[in-house]
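Take a look at this single chain in structure tokens; it is the form predicted on its own.
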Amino acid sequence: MAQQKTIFASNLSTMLPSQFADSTDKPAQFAGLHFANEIWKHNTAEIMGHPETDADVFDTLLAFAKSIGMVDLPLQKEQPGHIVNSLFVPLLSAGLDLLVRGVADVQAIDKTWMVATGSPKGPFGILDVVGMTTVYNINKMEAEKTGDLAKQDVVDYLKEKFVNQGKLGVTTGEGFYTYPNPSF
């Protein structure tokens, strides 16, 4: 139904454009255009094509990102997680691992990260913004794919303590912290 000039772009997060391009009859017109959480503070736009993405489509998405005031970040190759999530996911996973294994509590882990790096939020404040449903699903897919028992422990923890209780983060007013006034 779409006109030939239509560009299809999706905020793919941890998925790849090539996973979806064939769902259209115009795979050359499809690419990823990934915005960070809290876009009003973190105005990044990661643009990622796939092997069949037309170069003009890619350049048009870069120009579009700039035109709406975003910092355009072109990826030269498909990469699950783009740039930001490739950096972020290991941090968030490490925080969850430390918590689930009983090494430290939420406040100590977040405080360590915040003081040591100057970040305004620690891993658990970030997870609350991302949302427990997304965090749960990403960890579940990883546990199923790898059979990693430690990852499955994280999945079980998230389901029992958060997902089943409707504590989904900022959107529901409660996750690791209570909102609108979290105590990090």
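Residues carry their position along the shown sequence, with the first being 1. Keep in mind that what you see is a predicted model, and the values were worked out from it rather than measured.
Same protein, other form: the form predicted together with a further copy of the same chain, not shown, and the subject of what follows.
Engineer: At 4.5 Å between heavy atoms, is Pro120 in contact with a further copy of the same chain in the predicted bound form?
Structural biologist: Output for Pro120 is yes: heavy atoms within 4.5 Å of a further copy of the same chain.
Engineer: Please check if Thr134 has a heavy atom lying within 4.5 Å of any heavy atom of a further copy of the same chain in the predicted bound form.
Structural biologist: The answer is no: Thr134 has no heavy atom within 4.5 Å of a further copy of the same chain.
Engineer: Wondering, does Asn43 line up within 4.5 Å of a further copy of the same chain in the predicted bound form on heavy atoms?
Structural biologist: Because a heavy atom of Asn43 falls inside 4.5 Å of a further copy of the same chain in the predicted bound form, the answer is yes.
Engineer: Considering non-hydrogen atoms and a 4.5 Å limit, does a further copy of the same chain approach Ala63 in the predicted bound form?
Structural biologist: No, Ala63 is distant from the partner.
Engineer: Which residue, Val115, Met141, Ala55, Ala150, is the contact with a further copy of the same chain in the predicted bound form, using a 4.5 Å heavy atom cutoff?
Structural biologist: Contact with a further copy of the same chain in the predicted bound form is made by Val115 alone.
Engineer: Could you tell me which of 43-51, 22-30, 155-163, 142-150 sits within 4.5 Å of a further copy of the same chain in the predicted bound form, going by non-hydrogen atoms?
Structural biologist: So the stretch in question is 43-51.
Engineer: Counting only heavy atoms, which residues in 84-99 are within 4.5 Å of a further copy of the same chain in the predicted bound form?
Structural biologist: Stretch hits, in order: Val84, Ser86, Leu87, Phe88, Pro90, Leu91, Ala94, Gly95, Leu98.
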